[in-house]
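First, one chain by itself: the form predicted alone, in structure tokens.
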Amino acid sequence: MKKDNIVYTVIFSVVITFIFVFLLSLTYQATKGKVAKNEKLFEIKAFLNSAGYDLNTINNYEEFFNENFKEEKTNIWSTNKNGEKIIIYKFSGNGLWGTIYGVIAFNKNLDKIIGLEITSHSETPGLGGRIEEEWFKNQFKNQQINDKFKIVMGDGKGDFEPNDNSVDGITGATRTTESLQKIIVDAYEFVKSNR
């Protein structure tokens, strides 16, 4: 069969596609357990970080999580850190290009954010995707919160004033910023109504 024949091209394409699909499926089956375990570990670390635990002082994250965190209701967890109850909510909400997933921790009076972690998103890299950067998430630590919480356009350096009920947004990512503000206020209202 001549290689410049259309039948040859079609058969060759089908065979190559089949081989790659088979190899891809084989790789997926061989690694799916490890991927699931790593995803679970990533989520546990997000819980620990949001609640303000120092990961460097914990030897076994999963064991520590199982011993110190309790699911009170669906997606609402609690932990007791230094005698203070911390409430953690596992959230999801619409971003610009897809769903934003994460965890947010509040103090027991629900008037202060302890921490925020983003676990997954589809926002634009370099713009909305910057919501997972440390400078952005650090603004939320010990931030006052109520139903008027805002993410505002600031000077891009971050707003680390804990008592102004707001943090700086990301320049050029207005829709992501608006979406995340809604997600956080919704999370606050949900926990307030369901704890």
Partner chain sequence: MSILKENLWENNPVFVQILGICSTLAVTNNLTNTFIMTVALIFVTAFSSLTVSLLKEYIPKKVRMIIQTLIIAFYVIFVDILLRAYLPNISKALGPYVGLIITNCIIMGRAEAFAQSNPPILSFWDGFTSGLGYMWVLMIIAFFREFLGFGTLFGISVAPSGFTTWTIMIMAPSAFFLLGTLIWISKTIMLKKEVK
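Positions refer to the first chain, counted from 1. Definition used throughout: the rigid core is the maximal C-alpha set that superposes within 1.5 Å between two forms. Keep in mind it's a predicted model, so treat the numbers as computed, not measured.
Keep in mind that the form predicted in complex with the partner chain is not shown, yet the notes after this line are about it.
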| property | result |
| --- | --- |
| Output flag, I183, Y188 and N194 jointly within 4.5 Å of the partner chain in the predicted complex, heavy atom basis | no |
| The partner chain in the predicted complex: contacting segment from 25-33, 64-72, 158-166, 142-150, heavy atom within 4.5 Å | 25-33 |
| P125, heavy atom within 4.5 angstroms of the partner chain in the predicted complex | yes |
| Contact of T119 with the partner chain in the predicted complex (heavy atom, 4.5 Å) | yes |
| 4.5 angstroms heavy atom contact with the partner chain in the predicted complex for R130 | yes |
| Exercise: N138 in contact with the partner chain in the predicted complex, heavy atom 4.5 Å | no |
| Contacts with the partner chain in the predicted complex, stretch 7-45 (heavy atom within 4.5 Å) | Y8, T9, F12, S13, I16, T17, F20, L23, L24, T27, Y28, T31, K34, V35, N38, F42 |
| Per-residue C-alpha change between this form and the one not shown, L24, threshold 2 Å, rigid core fit | no |
| T171 C-alpha shift between this form and the one not shown of 2 Å or more, rigid core reference | no |
